[in-house]
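What follows is one chain in structure tokens, specifically the form predicted on its own.
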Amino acid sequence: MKIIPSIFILFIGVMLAAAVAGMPEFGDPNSPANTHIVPYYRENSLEETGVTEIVTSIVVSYRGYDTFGEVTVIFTAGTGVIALLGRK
């Protein structure tokens, strides 16, 4: 019965190793992020968002829901810590 979880874990490990092997090198100027995404943001962020700073336009406009989710998780964790530490 313990063989099935072991095979599953081995399968997941092989899949993760294959995915990592297919990733571009860190800082590769020819990676898809640097050849497609960065130029798009650089050329269109002011026009599409009206924000002059590219980083702000990405975080607030393009990734707004993701950023809101991250802030919600951090706020909830902080509230939980304060609730636990505030007990007498």
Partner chain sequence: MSESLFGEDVIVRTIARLVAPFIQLFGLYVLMHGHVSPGGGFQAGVIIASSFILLALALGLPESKERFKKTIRLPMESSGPLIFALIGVTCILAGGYYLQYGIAFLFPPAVVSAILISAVEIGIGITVLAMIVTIFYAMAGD
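Just so you know, these numbers come straight off a predicted model, no measurement behind them. Positions refer to the first chain, counted from 1.
As for the form predicted in complex with its partner chain, it is not shown, yet the points below apply to it.
Peer 1: Taking its partner chain in the predicted complex, would 8, 32 and 43 all count as contacting it (heavy atom within 4.5 Å)?
Peer 2: No, the whole trio is out of contact, none within 4.5 Å by any heavy atom.
Peer 1: Would you check, heavy atoms only and a 4.5 Å threshold, whether residue 38 touches its partner chain in the predicted complex?
Peer 2: It does not: once its partner chain is placed as it appears in the predicted complex, residue 38 has no heavy atom within 4.5 Å of it.
Peer 1: Can you tell me whether residue 82 touches its partner chain? I mean in the predicted complex, with a 4.5 angstroms heavy atom cut-off.
Peer 2: Because a heavy atom of residue 82 falls inside 4.5 Å of its partner chain in the predicted complex, the answer is yes.
Peer 1: Can you check whether residue 28 is within 4.5 Å of its partner chain in the predicted complex, heavy atom basis?
Peer 2: Flag for residue 28 set to no.
Peer 1: Determine whether any heavy atom of residue 71 comes within 4.5 Å of a heavy atom of its partner chain in the predicted complex, and answer yes or no.
Peer 2: Taking the distances in the predicted complex, the answer for residue 71 is yes, it comes within 4.5 Å of its partner chain.
Peer 1: What residues, if any, in 17-38 have a non-hydrogen atom within 4.5 angstroms of its partner chain in the predicted complex?
Peer 2: Going through 17-38 in order - heavy atoms within 4.5 Å of its partner chain in the predicted complex - there are no hits.
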